[in-house]
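Taking the form predicted on its own, here's one chain by itself in structure tokens.
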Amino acid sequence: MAVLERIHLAIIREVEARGSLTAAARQLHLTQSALSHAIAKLEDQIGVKIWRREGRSLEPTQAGAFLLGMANRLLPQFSHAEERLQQFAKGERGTLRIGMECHPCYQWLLKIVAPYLDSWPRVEVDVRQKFQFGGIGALFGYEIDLLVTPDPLYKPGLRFTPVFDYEQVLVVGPDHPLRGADFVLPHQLAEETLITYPVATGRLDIYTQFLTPAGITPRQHKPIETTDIMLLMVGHGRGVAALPRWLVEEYAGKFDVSPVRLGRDGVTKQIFLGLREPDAEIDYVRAFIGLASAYRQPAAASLHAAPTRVRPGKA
């Protein structure tokens, strides 16, 4: 009877990640001979090949692809279980791993994490940026414990809690004709260079809730990774951007930019915290969600407040 062991899954995942038996063996601290023997023995037991050679590279067979999928799902859960058991043995509470699927939410997260660290000194907090665009899979794979996202994807086994509301606004520079306007309409952006975070347009609110329903496409779309560079470009007249109003106001003393409401009624959004349903009963997870839900952005503005200008040195 075939015996599938954890080392087999680790080998399959490392060969796929590293591209060769030699590199995988080095990563796993095995000799290439030992690695090859382990897989050859497994192939002999299950009666099917796991890889096929294509030139100098190894490609998984159908059986290999199945095992690779299993490895990607199960190995993080093994690591998570071992980490938890080690924490229990040391008298620690655990680790709260937070995945980010929201570029501008880092500023908000800092305000939650700081008091949380004070309140839960025996809980480690780890923020994982690489899950900006794959958070749901990371939750199911036990690679993160909480997901910060503006776009919850409701699936069995997951729970999403809204933690705060915000307004998405257009950001313009000091000489832009829309500066000081009560609101902007979609057709007014047809000739603009629109600067956004590097996210697919199908997940950008300014497209899905504002431009696309009106059939409008900006003249140019320029993705930029960092908020500072984005606002620097806007402040120097190189385009307009779409950001949360509270984030624009947080940068009040740094850039000469101004938020403008998107449409007469504005575009409202929520930030959610997603987690696995069984983890909702863990006290330190529940405490983080409670702290996040209680927090309110001090700079948050009403949708129907007067337009706000943000200039260096002035809030």
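Each residue number is its position in the shown sequence, starting from 1. None of these values were measured; they are calculated from a predicted model.
Here the subject shifts to the form predicted together with the DNA, a form of this protein not shown in this document.
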Inset, instruction - Evaluate Gln62 for contact with the DNA in the predicted complex, applying a 4.5 angstroms cut-off between non-hydrogen atoms, and reply yes or no. - result: no
Inset, instruction - Check whether Pro278 has any heavy atom within 4.5 Å of a heavy atom of the DNA in the predicted complex, and answer yes or no. - result: no
Legend entry - Exercise: Gly55 in contact with the DNA in the predicted complex, heavy atom 4.5 Å: yes
Legend entry - Any non-hydrogen atom of Leu21 within 4.5 angstroms of the DNA in the predicted complex: yes
Legend entry - Contact stretch among 264-272, 280-288, 33-41, 249-257 - heavy atom within 4.5 Å of the DNA in the predicted complex: 33-41
Legend entry - Partner contacts for 230-266, taking the DNA in the predicted complex and a 4.5 Å heavy atom cut-off: none
